[in-house]
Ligand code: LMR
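The chain below stands alone and is given in structure tokens; this is the form predicted on its own.
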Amino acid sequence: MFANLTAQPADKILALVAAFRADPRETKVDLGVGVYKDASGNTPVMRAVKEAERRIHADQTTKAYTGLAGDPAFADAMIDLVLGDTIARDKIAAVATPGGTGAIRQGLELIKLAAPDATIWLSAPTWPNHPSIVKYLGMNMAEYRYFDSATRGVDFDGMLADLARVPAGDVVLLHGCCHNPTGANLTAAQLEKVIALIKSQGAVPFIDIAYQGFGDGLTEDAQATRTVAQSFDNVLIAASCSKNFGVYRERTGILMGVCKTADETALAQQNMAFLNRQNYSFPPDHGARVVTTILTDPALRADWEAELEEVRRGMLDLRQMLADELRRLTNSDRFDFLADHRGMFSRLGTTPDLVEKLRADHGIYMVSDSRMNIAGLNKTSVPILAKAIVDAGI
């Protein structure tokens, strides 16, 4: 049987990790893997996470299953974090998932149950796992223009033109904040126009919010998701705790469904639980319990928010440092977009050949589409990267 298998495409980011590790140059810089790193190159465990785990270890009396949807307290805490009080709780179905990726997968599975012929519209570009999962599930897929490689901003006219072609009943996947891989986000005014257009087309929004707190602040980063949720009868939301809580390996995420009526919520909740049962039965609990402990304890939450703010401001400082250094070296403002982008990533908007030149000549490792992880930088590596960008002719 196994002889009939065909080789799958290699993961480009994992291949990049291996190449970086094998590179002997002391000045090499890893901007590929999408994890937060501090100034020492470490991905630390947050203070509040350590304390929450200590309390859980001391107080937990069982490792029995929670439920197919996970601990209800986790759902309540995450709904409050992402949506606040914008939607009545009885209009929201929710299930815990293995990370944000699990939430995306379960959301697509739910769409497949409810509207098997629907096409999933993805931004061009988007996170590579989005089209990969859609394709694997055998679902219809289309793209809408999003990033302008010339301006390194949103191609808003192109986006509107493409969304105007979306048929009723199709699903439009939007990034809640900190667009991955570009770092370019819609303004509030642009979002309002996108919402009006999607509504007029009769389409359904599906929001992926994986970086809340990494852009302009916890509440600010949730505002787009809240605005969309208030504007439609049905919205799917996939949220991840990997980045903002730093619990990458605990695989902690949630899928939420905003519904029109309480009866519809009950039906969506039952189907979400059914899908959890089919895919992994009960979702993992440790990370979810850590997150719940933090969000429901005022002191822990305050400490978590303070450390998250330090992380956010640190990335903004690195963005500004890089933009300033490139302005100094080029005597131009063409890289100022780096300071305007938000989140962990920015896309340089250059060619794979020049990205390879950065690697070969300067030991700068980034994904071939020129997405770079700003959190992989520090004060020492910023001038190294800036000089490499200029020397490569980007």
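By rigid core we mean the largest C-alpha set that fits within 1.5 Å across both forms. Just so we're clear, the structure is a prediction, and the values are computed from it rather than from any experiment. From 1 onward, residues are counted along the sequence shown.
A second form of this protein, the form predicted in complex with this ligand, is not displayed here; the remarks below concern that form.
What is the one choice in F147, W127, W121, F245 with a heavy atom within 4.5 Å of this ligand in the predicted bound form?
If I apply the 4.5 Å criterion carefully, the residue I get is W127.
Of the residues I56, L329, V33, L354, which one places a heavy atom within 4.5 Å of this ligand in the predicted bound form?
Among I56, L329, V33, L354, a heavy atom within 4.5 Å of this ligand in the predicted bound form occurs only for V33.
Using a 4.5 Å heavy atom cut-off, indicate which stretch of 61-69, 33-41, 330-338, 355-363 touches this ligand in the predicted bound form.
Within 4.5 Å of the partner lies stretch 33-41.
Any non-hydrogen atom of I13 within 4.5 angstroms of this ligand in the predicted bound form:
Judged by the heavy-atom cut-off of 4.5 Å, I13 is in contact with this ligand in the predicted bound form.
Using heavy atoms and a 4.5 Å limit, would one call N276 a contact residue for this ligand in the predicted bound form?
Close contact is absent here: in the predicted bound form, N276 is far from this ligand, nothing within 4.5 Å, heavy atoms only.
This ligand contact at T265 in the predicted bound form, heavy atom, 4.5 Å:
Although this ligand is absent here, T265 would stay clear of it in the predicted bound form, with no heavy atoms inside 4.5 Å.
If we define contact as a non-hydrogen atom of the residue within 4.5 angstroms of the partner, is F206 a contact of this ligand in the predicted bound form?
Flag for F206 set to no.
Would you give me the residues of 203-234 that have any heavy atom within 4.5 Å of this ligand in the predicted bound form, in order from first to last?
The one in contact is Y211.
Superposing on the rigid core, is the Cα displacement of I384 between the shown form and the other one 2 Å or more?
Superposed on the core, I384 moves its C-alpha less than 2 Å between the shown form and the other one.
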